[in-house]
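Just the one chain here, laid out as C-alpha cells, in the form predicted alone.
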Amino acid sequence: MLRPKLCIGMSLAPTWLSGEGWRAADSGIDGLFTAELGLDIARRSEAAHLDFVFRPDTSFLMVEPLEQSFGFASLDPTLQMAALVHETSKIGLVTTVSTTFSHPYTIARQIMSLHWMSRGRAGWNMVTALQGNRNFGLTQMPSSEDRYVRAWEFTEVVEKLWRSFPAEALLADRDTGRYADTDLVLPIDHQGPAFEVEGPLNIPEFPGARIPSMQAGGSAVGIDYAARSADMVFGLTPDMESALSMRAQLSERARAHGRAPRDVRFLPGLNLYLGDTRAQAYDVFMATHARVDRAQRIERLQRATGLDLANWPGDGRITGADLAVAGRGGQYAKLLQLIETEGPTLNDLLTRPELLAAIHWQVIGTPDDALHEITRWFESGAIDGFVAVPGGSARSMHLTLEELVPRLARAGLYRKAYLGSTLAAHLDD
C-alpha cells in the first residue's frame, strides 16, 4: 500500500448498457449520444467526491457488434469533457487522445484549453491505439515499438509546448498596459524523428495546477512509458496476482526513471455488478450476458483450456488432469484455478462469470462484497485505487457511488470531502 487513501475514477463510457443492458426500458440508451448522459454520471461522481471521470476512446468502429450493441460508437471524449465544465466544479476530467493518430500541437492546445475552462481539472489519458490506421491514411498499423517511440516524442513536444507560454508571462497589467512578458514566451524549435514544431503554444499555461496524465498500456514498453511519464495507469488485471505483478513492474521501472513508485498510481478497471443481494447481482450479470450462446461459451472454454469440448457431456466433469495446456493465465487464470480445485461439470462452467466477462477485475455481489474485495486488494499493495466500470444496469453505477464509495470513506480508505478543486490536488491529498 503506497498511499493511505484510494484513488477512484468513474468511466464515462456507459458500460452498464453493454450486452443486453441497453434493452431495459429504463436504460437511457436513447440518450447515448447526448451531453446529458455523461453529465448525469459526472454529477453523481462529484457528489461521491471521486477523483475524476474518465472517457476511454478508440479511433475505429467495429461494425459487426452494432447488430446487437453500441460497441465502440461514442462521442468525442474531449468535447464530452468540455460539456461538463460548467456543470461540475471539483471532479477531474480525464480525456483520451491517441499519440499515433494526432499531432502534438493540436492536442497541447485542446487539453490546455480544457484545463483553463475547468480551472485546473483536466487530465490526459495517453494511448498509442491498437487499430484504426486506415482512418488516418496508414495502410499498416505501426509496430508497438514504433508507436511508443512516437509516443515518447509526442509527450515531450506537448510538455514543451505547455511550458512555452508560461503562466508567469501572463501579466494583464491594466495600469502599465503590459499584457505579457514576451521575453518569457519562447519557441520550442523541436526537431525530431516524427515531429518538427516551432511553437510557442497560442494559449498560456494554467497557473498553479499541472495536467496529470494516465496511460493504459500493459506491454513491457507500455509499462516503461507509464512509469516514466504517467501519474495514473489504467490496467486490465482480472485477478489479484496479475495486479500485484503489474504494480511491482511499475514500481521497478519508476525507480529506474528516478521517480517514486507512489507517484505512479495503478488503477485497474473494476467491473461492478451490484445488487441488494448476491442473488440479485448474479441475476443482473447473467441477464446481461444472456445472448452469449452455448456454442460461444464452449469456444471461449476451448481458448482457455485447449480442450475441444463441443461433444463433452454437460454433466461430465473437467479436472486439472484434462487440461491440455498447463499454466495458461491472463484473463482465464481464475477459470483454470476453478477447474484445478473443484473439477466442475461442463454445464457448471458454462454459467461461470469468469467465462462470460473476465477481462477486468470484477465483483458480482453487494456493496459490502465490493468493499471487502477492494480492501483486500488495496491492503495487499496490489492497487492504488480503481476506475469503476459498472455493469448490468444503471443501478450498479448508482450503488457504486451512493453505497460503495461512502462505505470506503467510513472505513478510512477514501476521502469524505474534497480538500482541493483541481485534479492534481485530488491525486496528492
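None of the values given here were measured: they were computed from a predicted structure. Each residue number is its position in the shown sequence, starting from 1.
The following text describes the form predicted together with a small molecule, which does not appear among the structures shown.
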Among Q280, S102, Q296, S144, which has any heavy atom within 4.5 Å of the small molecule in the predicted bound form? S144
So which of T128, N271, T95, S118 reaches within 4.5 angstroms of the small molecule in the predicted bound form, heavy atom to heavy atom? T128
Just to confirm the contact call: exactly one of 182 to 190, 86 to 94, 227 to 235, 104 to 112 touches the small molecule in the predicted bound form at a 4.5 Å heavy atom cutoff, so which is it? 227 to 235
Any chance W312 has a heavy atom within 4.5 Å of the small molecule in the predicted bound form? no
Answer with yes or no whether A216 is in contact with the small molecule in the predicted bound form, where contact means some heavy atom within 4.5 Å. yes
With a 4.5 Å heavy atom cut-off, would you call P353 a contact of the small molecule in the predicted bound form? no
State yes or no: in the predicted bound form, is some non-hydrogen atom of T375 no more than 4.5 angstroms from a non-hydrogen atom of the small molecule? no
